[in-house]
Every structure is written in C-alpha cells, then in structure tokens.
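First comes one chain, alone, set out as structure tokens in the form predicted on its own.
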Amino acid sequence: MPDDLNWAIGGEAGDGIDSTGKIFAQALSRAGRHVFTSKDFASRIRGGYTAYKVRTSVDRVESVVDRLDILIALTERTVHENEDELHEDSVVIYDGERSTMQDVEVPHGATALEVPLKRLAEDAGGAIMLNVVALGAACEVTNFPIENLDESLQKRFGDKGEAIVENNKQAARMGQEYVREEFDLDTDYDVETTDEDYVLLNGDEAIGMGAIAAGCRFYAGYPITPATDVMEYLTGRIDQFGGKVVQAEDELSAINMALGAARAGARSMTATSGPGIDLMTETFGLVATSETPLVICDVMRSGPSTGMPTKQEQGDLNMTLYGGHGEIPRFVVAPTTISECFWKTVEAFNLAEKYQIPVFLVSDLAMAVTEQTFSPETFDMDEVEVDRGKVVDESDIDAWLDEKGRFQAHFPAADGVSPRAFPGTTDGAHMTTGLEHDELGRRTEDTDVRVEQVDKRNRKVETAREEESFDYREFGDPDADTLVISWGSNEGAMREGMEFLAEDGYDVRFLSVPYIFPRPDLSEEVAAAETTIVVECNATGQFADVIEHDVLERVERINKYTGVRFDADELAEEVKSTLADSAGTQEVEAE
C-alpha cells in the first residue's frame, strides 16, 4: 500500500469547502505528489454538511480509504461525521473561540488543535480567509513546505488582484506560525515533495478534454448535477478550435440541437444525468433511426426522480441498455477511471461516426467530481486517432447513386453502414425522417423495406462485434478461484482493495468492464472461477443481471446504494464477507 496521508476539511455548504480543498489538492500536485480526492456535499446552495477529502502519496493512489489523519473541522458536525475515520494519531484543527465549537470533543485520543482561525484571518485582512489560515496550520502539522501553497493561492485569487493574493499568503503563514509557536507537536507526518510534474483533473474535465481531442465541434447541454462540469470545461476552450457550446433551455432542446449539428456534419455531443436522459429518450430513437452519429454522456447520480443529486449511484445501466420505445441499436461505453474518461470519449466519437449510431458514454458522480493526478503523457494527443467513418465526397459518391442519380443515404449495405454525405456535397442531397424509410430516406410502410431497414440498422452492432475489441481490463491472479467483476468507477477501489486482500491471503482475479453493449463474453472466465462476485453501486445488481443472462450461471453480488462510493478497505472486507457467506451456502447445499 502507498505511504499516504489522508486530509479533509468539512463544514456547511457555502463555507468555501470545495475551493479550499482544491487549493490544497493543487498544491500537493504541484509539489510532485499523487492526489485522489473525494467530495461529500448536500443538494443545496447553502447549508447542509459538506466535505472535501484528499488522499495523497508519492506513489499512485486510486481510491479513498476509511482513515483520516488531518481533519479541519469548521463545524462540530464535521467531527461527528468523521469520527469513525479518526484514530489516535489523527490531528483535528478547529476554531475553539467560536461559540459553536466550544463543546467539541475529539474522539479516539486524536490530537485537538484549537486555532483561532477567524481572529487570525481578520488580522491578515478579513475573516473570509479563515479556511486559508487552516491550510497554513495543516502545512505545519504535516511538515508540508508552505511555499507550495503560494502557487495555488495565486491561481485561485490572481484575478482578484495582487493584494488579495498576498493577504491569503499572509493568512496561511499566520496559521502555520500559530501552530508552530503554541503547540509542541510530536507527529510522524512528513509530506515529502518530488520533482514530478502532474496534471490534476476530474472525470467531467477529462470527458471535455477528450471531446476536444476527438474533434467535437458542437456541444449543447442544460446544467444538471453532476454533468455540468463537462459543459463548463468546454466553454471557452472549444471556441479555440472552431467549436461552439450552447446552453439550451432544457434537455429536450439540448439533444435536438446536438442532433441538428451532427446532421450538418459536426462531431456533436450532449451531457446530462438520469433525469435528463429520461427527457432525451424520444430524440434518442430519432438519432438511431436517422442513423446520425451522436455521443450522449450520462453522468449518473442517485435516483429515481430527483433522488439525491449530489450522491453516487450506478442506477442507469438498464436505461442506457434498453431505454426508448421500439428496438434501438446503440453502443454503451462506461469508462472505469478518470484517464479512461478521456480515451473512451475519443473512442465514443469514433464509434458513433464509424457506425452512424448513437453512443451512450456512461460515467458517474464518483468519477465526475473526483480530482486525480496523472502524468501529462497519459493524455498524449499524438495517440488520438479520428475515424469519421464511411464519408463520401464528389470523388466517390457516384457508387452510391441509384439509376436516377439519387443519393442512397440509407443503402442496405452488407455491414449495415450506409454512405454518409455532408451537406453541400455534390449529388449528396437527401432526406431522412423518424418515420420508417427506404434507402433514399423516403417514408414507407412497405413490409419488405421495413424488414430490410431494421435488419440493416441492427447489422451495425454485429459488424462492430467483428471489427472492434470490446474487451475487459484485467488485474490480479488470472488463475485465482475468486473472480470479481465490476464496471464504472469501482475499478480504483477494487484494485487497491486487492492489496488488502492479498495481505490477508486472498488471491483474486479482477475484471473491470468498460463496454456494456456490445460487451465481452465472460462465459469462460466465470466457468473457470469457483466464486464470481459482481460489484456495483445500485440496489438491484443491474450488471450482475446482465452477466447472469449472458453466462447462464448465478453470481454473487456486492451492491452499495447509500449514495457513497466504495472505499478500498471497505470493498476488501465486503469481498471477504461474501466469500464466507458463499462458502457457507455451498456447505449447506452439499449436506
């Protein structure tokens, strides 16, 4: 396991928790340390508990763990919310001069540091800087050179003027100096710095970056948690490449705008969450029937209805697989890491255009809001390949004209993929419709043509199965008796959980599946294992159902639907418990 430090700040929504956490995460990243963050925030603008956690190490970290070393508590509730993660070596920093914090009791023998955060901030120039005072105190506790904080403060407050930046630097140093002078600390925390250069970004930002790299030139969306950061990332950036972001009046308008741009020849996408996918479903059918390439990003959150907008869940799998009336060919791609959010976005655009089909790009809140460090080489733009599919122009369009010189935009090709002509292509004028149509796009109810067109559209999926590699990512012992399968953001927690399991003598083979449809056939892998466990963040085991359908065998299930992501150590314990229960069941059946 990495030699890590686990730090958190907690308080009320509106207290600047997110910005403070990001300042510290950026400082650690710029100091050459790996960072993995986690956020817990209420579904409101002000009020309600919120926290920002940072796990950091000189080694790579891919998950959160059930341990806190340093806690900045702006409210008494923060201590209570995190008491199970505190230990005897933990340090809790809080403002004991505030009336609401005078009865704080720090549990488990942890060290309590009463630092007059507000008073020191006022001395530095304003009470609004009390969080920065706390950051300075944390730097002293962890022996983290405070100079590393300066660049992050400059980035955060630089547009407010140099005086504001200097005030914040002073506030941080006042927190540092107060701890140094008032407390005789004896801790083992020593945050090492390196010369490594890392990029810090979250899953939504990685999707936005992947879209630009893939050549996306039009994005339409409506703000919704937790997908909004995709639009925010693209805004201003996509313009530099000749693209455009449009904030639509609702999700219905967003997907229809994106459809229109795609029909005009632009690589186009939209992003939303579960409630938005509900509204987009009718147009989704039009996208498929008109054979328009479009990427639709679903950043999942807790449902149904409004549900818990700021909490984790993987409850939309069935909707992306089966949503829509009638039978709609589609691809469903689900990145399993933040870096894969970039690469799978590129792949989603290529699949959409190569097969002229809608592609669901399925992420979740845990990846969307988590910031993680990567080396710049992880996103090597020279490795990005753009495949626009079967696009024809004046040089080869004659092969796709009928005897009357009309372009056959829905020609029943053997592979299911018709030629595609962008608007303005000589002899490429054509029509299309959401009604069933013939090879020219004209509406029809002819039974033979109906069968021909339905079969043609479905052949795209079979062609893709033959031409593409819809494979899983494999970790651990390939000969282990225990097989664990997951999808989406659970990969990091399971990979680190395997280290906990190995320490206790458990060998595990782990398959992380990024392709939901088409997906890999896991029949041989399940048959080779004594016990198969499927891990996911929903109540009913939607992916487990799919696997059982495919392999015709029962699997064990680890389902979490509390609204909180899996921790690595928690998941390891769940695997051990499931194996024990499974062994007990097998003994009973044998008797």
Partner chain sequence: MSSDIRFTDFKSDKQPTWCPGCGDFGTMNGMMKALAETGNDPDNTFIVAGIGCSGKIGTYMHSYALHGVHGRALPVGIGVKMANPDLEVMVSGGDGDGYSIGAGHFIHAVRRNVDMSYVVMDNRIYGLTKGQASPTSREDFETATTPDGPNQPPVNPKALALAAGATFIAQTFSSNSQRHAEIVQEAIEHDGFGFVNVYSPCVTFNDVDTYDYFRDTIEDVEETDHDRFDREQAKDKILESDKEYMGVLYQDEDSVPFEEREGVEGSMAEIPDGAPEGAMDLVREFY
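Everything numeric in this text was worked out from a predicted model, so none of it was measured. Numbering follows the first chain given and starts at 1.
Omitted here: the form predicted in complex with the partner chain. The next part is about that form.
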To verify the annotation, which of these, Arg443, Lys160, His108, Arg465, has a non-hydrogen atom within 4.5 Å of the partner chain in the model of the complex? Arg443
Only hit among Val451, Ala414, Ala399, Leu435 for heavy atom within 4.5 Å of the partner chain in the model of the complex is Leu435
Can any non-hydrogen atom of Phe360 be found within 4.5 angstroms of the partner chain in the model of the complex? no
Does Tyr322 reach the partner chain in the model of the complex if we count a contact as any heavy atom within 4.5 Å? no
Within 4.5 Å, heavy atoms only: does Phe422 come near the partner chain in the model of the complex? yes
is_contact(Arg388, the partner chain) in the model of the complex, heavy atom dist at most 4.5 Å: yes
Within 4.5 Å, heavy atoms only, one stretch in 300-308, 326-334, 378-386, 469-477 touches the partner chain in the model of the complex. Which? 378-386
Taking Arg30, Ile212 and Gly243 as a possible spot, do all three reach the partner chain in the model of the complex with a heavy atom inside 4.5 Å? yes
With the partner chain taken in the model of the complex, which residues across 198-219 come within 4.5 angstroms through any non-hydrogen atom? Tyr198, Val199, Leu200, Leu201, Glu205, Met209, Ile212, Ala213, Ala214, Gly215, Arg217, Phe218
